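Consider the single chain below, provided in structure tokens and representing the form predicted alone.
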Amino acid sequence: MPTPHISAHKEDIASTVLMPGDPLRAKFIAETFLKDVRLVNQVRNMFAYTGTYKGKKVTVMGSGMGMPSIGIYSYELYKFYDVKNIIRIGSCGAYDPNLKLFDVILVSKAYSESSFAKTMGVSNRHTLPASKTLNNKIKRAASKLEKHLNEGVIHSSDVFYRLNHEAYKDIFRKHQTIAVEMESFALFSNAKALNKKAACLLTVSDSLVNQEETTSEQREKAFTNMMEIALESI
């Protein structure tokens, strides 16, 4: 049965969903890698596609930007569509000077100042882990494809534009967060709340250390290493 934000029928959504932030990245993944693809949601232009990858049914759906947005979509997928696994495949900004543009990160834990988990009633902690089961599958997939993964803790921030541009240095030092994005903490909170599995793969799109950055077109279409690892892991 459709929800206020997803028009797909229950059978239209696979048990594993790959979730980029950008709905146009979802479209690119579906058209590039999947067979027998169908558009199953376009409410608010938050595209969702279901098809097969090497014979395995999979859905790719955008989440939008920020914890409130992925919080809504991931909750509805878990709760009302019986989705078992969600793998976020997003972009991030590097805090660690050793990270380069296009490096792929497997998130072990997400740290956040956000009250999302507390408000959900699942945890008072500000650090939540990814699913070890999914992470192990992702690591095996990367090894099979001979693609390098950087694994570590990331910062899930509520704020994209900080007035204090140097604030990241204290967060990097205090919490050992190697990069920043804006969604994983909410995804991990919902997975914990509903006894589901969640993981997160990120591609470095910019660096707060040296101010390098990718283009919007590259963020949509050039993060193929991350996409292939996520697809192979299913």
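The model shown is predicted, which means the values in this text are computed figures rather than measured ones. For every residue, the number given is its place in the sequence shown, counted from 1.
Although it is not shown, the form predicted together with hypoxanthine is what the next lines describe.
Q: Taking the partner as it appears in the model of the complex, which of 176-184, 39-47, 189-197, 55-63 has residues with heavy atoms within 4.5 Å of hypoxanthine?
A: Looking at the partner contacts, the answer comes out as 176-184.
Q: What is the one choice in 92, 104, 86, 130 with a heavy atom within 4.5 Å of hypoxanthine in the model of the complex?
A: Only one option qualifies, and that one is 92.
Q: Considering only heavy atoms, tell me if residue 67 and hypoxanthine come within 4.5 Å of each other in the model of the complex.
A: No, residue 67 is distant from the partner.
Q: Is there a heavy atom of residue 208 no more than 4.5 Å from a heavy atom of hypoxanthine in the model of the complex?
A: Yes, contact at 4.5 Å.
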